[in-house]
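This document opens with one chain alone, in structure tokens, the form predicted alone.
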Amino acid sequence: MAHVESEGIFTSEATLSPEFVPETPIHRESQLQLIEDALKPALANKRPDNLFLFGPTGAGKTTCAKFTCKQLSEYKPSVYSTYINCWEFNTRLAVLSQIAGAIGIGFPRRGLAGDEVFSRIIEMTKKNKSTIIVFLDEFDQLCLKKEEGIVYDLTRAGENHGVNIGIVCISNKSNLLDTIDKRILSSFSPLRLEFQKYSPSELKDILRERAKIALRPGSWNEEVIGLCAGHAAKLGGDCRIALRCLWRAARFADRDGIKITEQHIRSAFEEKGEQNENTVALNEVEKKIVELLQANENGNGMQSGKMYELLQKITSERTARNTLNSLAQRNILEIIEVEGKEIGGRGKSRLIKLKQKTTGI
């Protein structure tokens, strides 16, 4: 079996991270062009169009957002662009503080109230005759906490304060905007841009480009790329899963001191069970659901009512129900309609179970 150089397999391990932003994202050229066209007025200090990017997990939304944010900052210093993950910053004050930090506003130790932070943002932006572009990823987290009003504040800044602010909201949920207040939606009025899941051939191309940077020549081949891409395609076309699979396999091969083999790929599939292969791309609520099902003592699944009860501290029942349906569609769990008497209740209910571990692609 062929051995690799003593330096190891990796030349740039971070390149296989889902958070890595390539110099030019491939197979998202049309989406990037549409985003560029919508935001282009900002380069002339005019109000850009707002955008709503939506599509399944691992379809390139975040990569395109971060890529565009970086390009704007480098190309036009007078355009302040900032990327904010709303899982981490999910209140009006948190979002405003991130924007303020991005345009160079410092804060006293005592902190500031939201309205004061907003006033300083307006003041600084007018003084510098600049435009702000805000990328709000996982936007549904703001909606969940009833904090989506920040979008109204920002989009009305042009009319109320003479400051141009563009908003790009990002979510997995195509119907998310249907749930927000009509006044906010009317002010936001975004262009909607859908991201479809990657095809198997597109996943191969992405993995191949990353492998050229991340791994030493001769440590991988096309079969390795095909196996990882095929595995991710089976689990919904999620690019993050494909990258994670290749990274794990490379780690195993690096440990063994040989080039990546089919067995390394298979081991990457099975490291924590196939259902967990998908958890690298799960959000907080999805991860909690998987954890609850894994911890279920009898292993026979969990009744939906019990699941909603356990999730009520972090999400609403409606969001929990939608999340369960999404996980079922992605083949991570199964939902079985059962008579209540079969599980100690009444009427009809739903039994939630993790998919059984499999070993094939």
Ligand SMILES: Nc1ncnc2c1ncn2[C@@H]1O[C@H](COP(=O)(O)OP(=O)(O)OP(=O)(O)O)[C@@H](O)[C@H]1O
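Counting begins at 1, following the sequence as shown. Model, not experiment: these values are computed from the prediction.
Here the subject shifts to the form predicted in complex with the ligand, a form of this protein not shown in this document.
- Interface residue among 268, 72, 151, 243, judged by heavy atoms within 4.5 Å of the ligand in the predicted complex: 243.
- Between the options 42, 59, 51, 333, the residue in contact with the ligand in the predicted complex by a heavy atom within 4.5 angstroms is 59.
- Contact here is defined as any heavy atom lying within 4.5 Å of the ligand in the predicted complex, and by that definition not a single one of 92, 118 and 188 is a contact residue.
- Contact with the ligand in the predicted complex, judged as any non-hydrogen atom within 4.5 angstroms, is confined among 141-149, 121-129, 246-254, 205-213 to 205-213.
- The ligand is not drawn, but in the predicted complex it has no heavy atom within 4.5 Å of residue 321.
- Contact annotation for residue 261: none of its heavy atoms lies within 4.5 Å of the ligand in the predicted complex.
- Contact between residue 80 and the ligand in the predicted complex is not found at the 4.5 Å heavy atom cutoff.
- Contact between residue 239 and the ligand in the predicted complex is found at the 4.5 Å heavy atom cutoff.
- Interface residues of 7-37, taken as those with a heavy atom within 4.5 Å of the ligand in the predicted complex (partner not displayed): 17, 18, 20, 22, 25, 26, 28, in sequence order.
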